[in-house]
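Only one chain is included here, represented as structure tokens and corresponding to the form predicted on its own.
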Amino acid sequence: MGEVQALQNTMGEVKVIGSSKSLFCTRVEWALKLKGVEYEYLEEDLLNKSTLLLQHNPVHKKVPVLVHNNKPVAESLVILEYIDETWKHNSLLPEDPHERAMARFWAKFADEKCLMGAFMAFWKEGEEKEKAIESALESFTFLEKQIQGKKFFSGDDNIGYFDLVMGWIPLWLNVMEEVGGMKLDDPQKFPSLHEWAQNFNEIPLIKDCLPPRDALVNYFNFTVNYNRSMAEAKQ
């Protein structure tokens, strides 16, 4: 730990501009904690975005943003790779080039198909909701195959890059299911994925970064009402 701390002291100042309710921000915190990197967390009001956020992420104007030695890095998947390349110990991505490429492929798939699919299923209504649930379940089938026979997606007893990317399932998906009146994380359909979620959520470092469930429930209730009202206004 002494060597890690000494390395940290030479790597400069680290800040995270984020929202405690955001799964994208939490995965960045998990990565920093796995690396033993000390950082300052700057809580962002997403309804009244700060000058600091707009200055450091003028393109997307979204959290998270990692600021390292006054240099910003945006987008959570990009930030995870930056963290892994900057602080070499406790590697998140595998060393083998093909395995690294596959981890990136599945991370992109999981965010674009599984996470966005779950979000659509969460707030849509009627026939659109049913179609979104069907599409999300199809995407989850691919993840079930990826985790079969493994404790973690990394392939060993330590969590890695793709585990952090999938870390929204145990809490955020559970809340989306409750608020949205649906079920995607079905232990009968996806037993291996369900077991992974339980294993992942039992890791102390992971649990310590999770936001209060009640706060997420309130946040998603607001989100579903907002999205539906916006959709109605466009009709």
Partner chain sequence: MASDQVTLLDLWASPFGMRVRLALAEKGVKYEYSEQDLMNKGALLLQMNPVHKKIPVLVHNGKPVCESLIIVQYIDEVWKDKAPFLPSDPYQRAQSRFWADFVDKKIYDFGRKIWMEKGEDQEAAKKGFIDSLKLLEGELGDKPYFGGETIGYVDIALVPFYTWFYAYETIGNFSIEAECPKLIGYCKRCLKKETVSKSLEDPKKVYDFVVMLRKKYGIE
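Owing to the predicted nature of the structure, the values given are computational and were not obtained by experimental measurement. Numbering follows the first chain given and starts at 1.
The same protein also exists as the form predicted in complex with its partner chain; that form is not shown, yet it is the one meant from here on.
Lys131, heavy atom within 4.5 angstroms of its partner chain in the model of the complex: No, Lys131 stays farther than 4.5 Å from its partner chain in the model of the complex.
4.5 angstroms heavy atom contact with its partner chain in the model of the complex for Met120: Flag for Met120 set to no.
Interface membership of Val59, its partner chain in the model of the complex, 4.5 Å heavy atom rule: Val59 belongs to the contact set for its partner chain.
4.5 Å heavy atom contact, Lys124 to its partner chain in the model of the complex: Contact with its partner chain, no.
In the model of the complex, residues of 68-100 near its partner chain [heavy atom within 4.5 Å]: The stretch touches the partner through Lys71, Pro72, Val73, Ala74, Glu75, Val78, Glu81, Tyr82, Glu85, Thr86, Pro97, His98, Arg100.
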